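Single chain ahead, by itself, as structure tokens, in the form predicted alone.
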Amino acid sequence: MTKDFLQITDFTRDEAIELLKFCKKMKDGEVAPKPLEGKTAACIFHKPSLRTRISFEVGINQLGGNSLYITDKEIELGVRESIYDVAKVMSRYVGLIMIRTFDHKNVEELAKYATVPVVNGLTDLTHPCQVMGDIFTYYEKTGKFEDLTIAFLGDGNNVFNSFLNLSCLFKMNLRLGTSPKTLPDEALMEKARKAGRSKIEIHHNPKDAVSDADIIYTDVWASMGQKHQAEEKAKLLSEFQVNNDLLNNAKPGVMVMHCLPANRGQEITDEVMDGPHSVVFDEAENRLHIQKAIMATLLENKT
């Protein structure tokens, strides 16, 4: 078992399946581990947060621990002190580190030198906790976690990159409906294709992307740190809006997902987000449950 959770592929396929099953047991109240009892978990935030901060702090408390909120101004990771020194010092104080930041390489370096588990709460490259919560939501509702078609519409961003990693473990048709100028990370695309478990497709026609889809997924077109590109990306991606007309091209029981926050009326309409196909707020709730399962798993305490 890996010490850290920086990308979904840090877990093996069997470990990921066990994580989903364990998460369901925790959510159903069958087990209530307290691996952080008497310990503190450090939560480093370089980006604003609603779901990540609240779900991690509540989850840490439910696992028996205390959470410590740390901003970039307080430690200036890699500026005021080297990442090596920060990792070594924090490992003497806390039982786990969660970090939500920009540069994925900084998270990798922090995990390399920390002696306690490090969890990636989001970087510009990946958002693994979100996507594990998303696939748990589908698993909870259907009993399935693979042999499905996921159509992601919009920017090839950190969330889609994490779906690429997920496709290395679970068999799926993974489609990205996007413009030729908003493609995902090339290295992760190549990694997913080389894994050979899933079919990876890029579509520039949104109707083709969602044809017979089990899940239609969307996200904001300009992520945090990219808001200066918002106008340009809106022009590139306007035809990929998730609306009722688009849903008519998918399966009748298609689930609509969004990782939030949403720009209602832009990448998704109110009618869809608040409609019968939406599981958006179930996903948000399940961030709490999957993150608890991830932390408990890393801390190797499931009793």
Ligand code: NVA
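Counting begins at 1, following the sequence as shown. Every value quoted in this text rests on a predicted model; they were computed, and no experiment measured them.
This protein has a second form, the form predicted in complex with this ligand, left out of what is shown; the following refers to that one.
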Looking at 157, 167, 149, 178, which is the one with a non-hydrogen atom within 4.5 Å of this ligand in the predicted complex? 157
Quick check on this chain: which one of 261, 38, 265, 253 has a heavy atom within 4.5 Å of this ligand in the predicted complex? 261
Partner-proximal stretch of 158-166, 136-144, 81-89, 103-111 relative to this ligand in the predicted complex, 4.5 angstroms, heavy atom: 158-166
Residue-level contact is defined here as any heavy atom of the residue lying within 4.5 Å of this ligand in the predicted complex; does residue 122 satisfy this criterion? yes
When the contact criterion is heavy atoms within 4.5 Å, does residue 223 count as touching this ligand in the predicted complex? yes
